[in-house]
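Next up: just one chain, as structure tokens, the form predicted on its own.
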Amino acid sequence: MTTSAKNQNGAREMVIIGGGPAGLTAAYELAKLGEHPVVLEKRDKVGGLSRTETFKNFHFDMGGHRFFTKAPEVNRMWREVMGKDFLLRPRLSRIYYNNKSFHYPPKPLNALWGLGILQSALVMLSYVRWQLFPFKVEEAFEQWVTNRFGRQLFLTFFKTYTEKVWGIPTSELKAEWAAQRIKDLSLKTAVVSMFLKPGKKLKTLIEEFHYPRLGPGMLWDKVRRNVELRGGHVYLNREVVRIERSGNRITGVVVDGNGQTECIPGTDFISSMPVSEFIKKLDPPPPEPVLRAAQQLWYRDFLTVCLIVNQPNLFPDNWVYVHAPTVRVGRIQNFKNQSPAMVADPQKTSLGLEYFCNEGDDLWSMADTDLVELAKREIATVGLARYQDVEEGCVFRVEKSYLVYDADYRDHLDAVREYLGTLENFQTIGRNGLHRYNNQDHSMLTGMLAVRNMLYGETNDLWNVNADMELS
């Protein structure tokens, strides 16, 4: 439980590091309750990984987002903020594999036609074999998936794409990631859903979702304005350079903005910045073992090459997962199919080609013009658009987007978590703040629960918010 103090005027000063979904949700809840939080965001716009960028009046999301949740508090906030700008959209995502497209979740005729009778038979035989003789211990991603889908389907639809995303073998990626991302789905449930249409809709199998008219950034811009109208402050372009503490209490956050350095004091602190960065910026620093543990928490970065294509309609999917090892692109988003308002010209289409990389590697360091050229060639290679139809492009890089669940991450995270538990007036929230692969809705929920802990003395365990819940 966090404990609070008051400033010399008898008031509480609440400082939130990070203007993404978790941090802004906490600020929104505090502002509704009459508090005046201060939010510090390092970028020039809010939303974090859920922000929306613009180029030539076309809108591009950073990462794929569907607004679907089992958390009523989150659904209430979405509708409260968005109103009529919250659109209901059909879902279609497919897998590009072996020069063919496969529906996800699978449909029987589509899968049979695409894989062929022989390979389909091998998939079913492999599934039966692993149902009878599964891995007894599920430590790695490939063990978890193989036990539920069989080895043949794992090799066909999971291995290549997963290793493209994470940059490590699936034998080194922890099973915990699969349990979070594709919980409740197996070959059996996918097949049953084809024919029986069960009343309970699995999160992985949803057929429609909500989406802001101008992308997720529209939601967070509205939240920011709401916080400020209620007396809170959201400061952009504020890079945290130091976090000051006295004993077990945080006393202030030193930020660099517009060429000036200032200290923001507070009585209560919430952070959604990467927890490894938070530990590194503490002053005085924590014990050496905690610092070493934080340094061993790894991240995966990505960049989006945004293309404007001179064609009104290209393909019906919201996005396509590219499993082909012949190209480096991992996922291709079609923003017009998220919302028609995302494109400035209805006779054109906007695409986002996502490349997963590590900060500083060859992809990350490639010049923007070269990345646009690469994307133009690869969109033509996979057959989703013609090279000559691509008019313009731009690049957005997103650091620390994905948390790597490697073999030792849990031990390192436990050491960090234990230390953070000693800070009396501080809570860490969100995907990066908890080093947990939360979706947007559960990141928001951690912000809500942090506010309850702060104001009402509740003892909600933010580290386990999505451990036993359905994910959107």
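Sequential numbering from 1, following the sequence displayed. Small disclaimer: the values here were computed from a predicted structure and weren't measured.
What follows is about the form predicted in complex with a small molecule, which we do not show.
**Q** To verify the annotation, which of these, Phe302, Phe335, Phe269, Phe154, has a non-hydrogen atom within 4.5 Å of the small molecule in the predicted complex?
**A** Exactly one residue meets the criterion: Phe302.
**Q** Pick from Arg245, His323, Lys222, Lys281: which residue has any heavy atom within 4.5 angstroms of the small molecule in the predicted complex?
**A** By the 4.5 Å heavy-atom cutoff, the listed residue in contact is Lys281.
**Q** Can you tell me which of 233 to 241, 168 to 176, 126 to 134, 307 to 315 lies within 4.5 Å of the small molecule in the predicted complex, counting heavy atoms only?
**A** After filtering at 4.5 Å, what remains is 233 to 241.
**Q** So in the predicted complex, is the small molecule close enough to Arg331 to count as touching (4.5 Å, heavy atoms)?
**A** Residue-level check for Arg331: yes, a contact with the small molecule.
**Q** Quick one: does His435 come within 4.5 Å of the small molecule in the predicted complex, counting heavy atoms only?
**A** No, His435 sits far enough from the small molecule in the predicted complex that none of its heavy atoms falls within 4.5 Å.
**Q** Check whether Tyr402 has any heavy atom within 4.5 Å of a heavy atom of the small molecule in the predicted complex, and answer yes or no.
**A** Heavy-atom contact with the small molecule at 4.5 Å: present for Tyr402.
**Q** Is Met62 one of the residues lying within 4.5 Å of the small molecule in the predicted complex, judged by heavy atom distances?
**A** Yes, Met62 is a contact residue.
**Q** Non-hydrogen atoms within 4.5 angstroms of the small molecule in the predicted complex: do Ser339, Leu351 and Leu384 all have one?
**A** Checking in the predicted complex: none of Ser339, Leu351 and Leu384 is within 4.5 Å of the small molecule.
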